[in-house]
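Single chain ahead, by itself, as structure tokens, in the form predicted alone.
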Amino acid sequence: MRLFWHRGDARTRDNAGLAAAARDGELVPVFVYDADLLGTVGARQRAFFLRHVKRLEERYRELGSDLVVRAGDPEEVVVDLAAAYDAETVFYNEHYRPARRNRQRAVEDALAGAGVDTDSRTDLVLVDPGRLEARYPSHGQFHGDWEAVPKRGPYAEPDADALADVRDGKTVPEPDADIELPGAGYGAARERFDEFLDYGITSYNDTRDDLPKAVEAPTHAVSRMSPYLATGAIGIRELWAGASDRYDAVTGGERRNVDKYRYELSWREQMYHLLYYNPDLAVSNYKSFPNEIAWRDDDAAFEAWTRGETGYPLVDAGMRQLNEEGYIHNRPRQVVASFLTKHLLIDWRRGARYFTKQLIDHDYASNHGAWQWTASTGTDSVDVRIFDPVSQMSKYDDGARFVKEYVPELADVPAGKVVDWPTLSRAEREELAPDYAHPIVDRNEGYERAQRVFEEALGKR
């Protein structure tokens, strides 16, 4: 008998460790409700993930088996389950977050002490980070090496006869969330991806930053697959295969659009590569600075940022989308992070923690890697990158369609005035929208201060 220990991979399809466990002999699928580890993610994402686990239980029952659920410390629970089912090997998938890696090592040691073998597989990523160099100066160089590694296709779902005939009456809690969550489980994830393949991927490069289209057809402008990838409802090989099949089926501009989507998946791969070689990615600057960065402690400004009341319309629309939906489109995601770390000069770690709390697509590697990139403490080859929130809105939402969707105080303000809001006089702002916030920092002063502080940290002043 074999056990498969489900961790952050609540699916039966395209699951590397599960497929390996099913190759010879029967297996028992198990899930350990680890309250300590689940407590480190936001309540929204925790609720979403546990709904995936409920769908996983249902799928195993359809296949004539069941998911064995226990609560407690995996170091004890997995050993007890291995003994109860007389398992000679426990299979599972590798994870790269330090807390999960520590859990895994503790379980491996405990199983070894009990005389039980372990078998772990690469599942979260297309390419095992250990196959690549430890450090790359740019994403382009990472992508070159990563692209050269062959990518395997999705793993099949185990046959029903590979699953032990078990019945388990225990289950996981299904907590409520303070927002409406997307449909849970593999089926919902696959349905969303199929819609994107049919209607969005062949125009992806042209529409990925089109904020009005993101309001009008959100799953066509971008895939919106990040919540499902981050919570393990669908496998990365399945997304790569679907995109690659479309790439092979089209030509010209459509092929360029599809290839851009595949390229964006490589950014997620690099974030995991960074975490693999830099386990302190969430707490320490990736880039070394000769001098300390003079971050500001400004609780009032931080709270205004979290509420979407900074007086910068695109920033506020992005933050309100985050608060209302647990998701934020990639373009305003970059803008709000830049505004916090540059115009407000508040430490990126505070922003990353807030995102962890609010996002349903929070991914430990991508969240902290992307925050560091935007904060100019990460892998970006540009010394000081600053996203100007006014010019960003002018370029990507000049009709204020996205902003007005989330900032109703500006609904009756002409689009051009919304774009220029931070540069208008106070009197004009009060006349146009008296209920909307005034800018909490001057646009030019914030920009120049950020340039000065980072140049000083870099030893260039």
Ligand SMILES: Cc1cc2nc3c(=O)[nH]c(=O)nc-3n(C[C@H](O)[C@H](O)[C@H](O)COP(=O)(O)OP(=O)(O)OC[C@H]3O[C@@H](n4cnc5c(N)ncnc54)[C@H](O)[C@@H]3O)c2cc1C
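Numbers for residues come from their place in the sequence shown, where the first is 1. Computed from a prediction, not measured in an experiment: that's the story for all the values here.
Not pictured, yet referred to below: the form predicted together with this ligand.
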One residue of Asp347, Asp361, Asp210, Asp388 in contact with this ligand, assessed in the predicted complex (non-hydrogen atom, 4.5 angstroms): Asp361
With this ligand left out of view, choose which of Arg333, Arg121, Arg103, Arg237 has a non-hydrogen atom within 4.5 angstroms of it in the predicted complex. Arg333
is_contact(Arg97, this ligand) in the predicted complex, heavy atom dist at most 4.5 Å: no
Hey, in the predicted complex, is Phe142 touching this ligand, heavy atoms inside 4.5 Å? no
Going by a heavy atom distance of 4.5 Å, is Ser223 a contact of this ligand in the predicted complex? yes
Partner contact for Val384 in the predicted complex: this ligand, 4.5 angstroms, heavy atom: no
Would all three of Glu264, Trp267 and Phe355 be in contact with this ligand in the predicted complex, where contact means some heavy atom lies within 4.5 Å? yes
Taking the partner as it appears in the predicted complex, which of 370-378, 153-161, 288-296, 113-121 has residues with heavy atoms within 4.5 Å of this ligand? 370-378
Give, in sequence order, every residue of 317-353 that has a heavy atom within 4.5 Å of this ligand in the predicted complex, or say none if there are no such residues. Tyr327, Ile328, His329, Asn330, Arg333, Gln334, Ala337
